[in-house]
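In structure tokens, one chain follows: the form predicted alone.
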């Protein structure tokens, strides 16, 4: 049985990020950590290639791999287009295939890349055992990044989407400006629907249709929605060169990153997804940095849930307001971006804002509906505490 310091299950955003973070990290005795990155063979368990989009200040870890970046953002409503700089942030796009290649090529001799389906994980007092189709291995610490069913919560919506990489015959896009949220598509009864446009050149872009709601659509329904949205953009007859599709849970459930004495959850399964947005990539970066720091200091590397408690409370209220129909999603998001600096809104959505600014932003949302939902949530939590 092979022995490792760290075993990482899954080669998606969380697994690759942690693998990269651990490159060059030594234990307390000064020895490089021996890491195993375990992924299933090509097939139904293999993550499909996709794009990861996020915002952060310039000069990030992955900047040299970016497929595109935008500092000029727009939010479009039925009545107006609100355009603003993203400062102090830059909106960035990574291709998963580029990150995968880079992490693997730069992993170094202390990382073993193992292609084998994990069939079980057994926790232990001193070490954990990972069972695979090709045998077993042991590790001091195991980080499981595989998607799993979220814990139960009061409200659960899905961010579900399909995107087209499109090419036009004439110049149609501004490569320096992105449409972050276009709220003009027909709206569902509860939740919100929107499109967005991320230009890659003057004739190429990722055009995506997204909904927050209880149920995902069929591929045919997404295709019709994208055709309609391209028509709304004035882009009839585009050439579709590739497509991506996905579903991300948005829930007020409380996540635990600890699955045992030696086993931890990382990524979406460990609460890295921000409930109000479905964005996960930034949360994964914070979790991986915390784990690497703990291992370097010889501490128990429990990944943090990378969102502040008050932000999770606010997100739970917003999800409840959308799910009950008390708040119309287009009205909520349109008003939020229309009345505030984009940089301030992005700071809040990524967890970097301060409470006074958050309270001021709250006054630009549907106040009565949000207050009613806040009281509803407080009563629910109180009654649950008494049960």
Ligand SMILES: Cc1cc2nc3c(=O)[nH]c(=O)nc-3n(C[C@H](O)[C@H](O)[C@H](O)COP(=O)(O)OP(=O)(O)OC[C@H]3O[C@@H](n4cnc5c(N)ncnc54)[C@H](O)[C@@H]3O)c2cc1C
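This structure is a prediction, so every number in the text was calculated from the model and none was measured. Numbering follows the first chain given and starts at 1.
Heads up, the form predicted together with this ligand isn't pictured, but that's what we're talking about next.
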| task | Pick the stretch from 301 to 309, 150 to 158, 171 to 179, 237 to 245 whose residues have a heavy atom within 4.5 Å of this ligand in the predicted complex. | result | 237 to 245
| in the predicted complex, the residue from 53, 361, 349, 330 that sits within 4.5 Å of this ligand by heavy atoms | 53
| Of the residues 86, 76, 118, 137, which one places a heavy atom within 4.5 Å of this ligand in the predicted complex? | 118
| said: Check residue 199 for me: does it contact this ligand in the predicted complex (non-hydrogen atoms, 4.5 angstroms)? | reply: no
| query | Is there a heavy atom of residue 38 lying 4.5 Å or less from a heavy atom of this ligand in the predicted complex? | reply | yes
| residue 45, heavy atom within 4.5 angstroms of this ligand in the predicted complex | yes
| Can any non-hydrogen atom of residue 286 be found within 4.5 angstroms of this ligand in the predicted complex? | no
| task | Sequence order please: the residues of 1 to 27 with a heavy atom within 4.5 Å of this ligand in the predicted complex. | result | 9, 10, 11, 12, 13, 14, 15
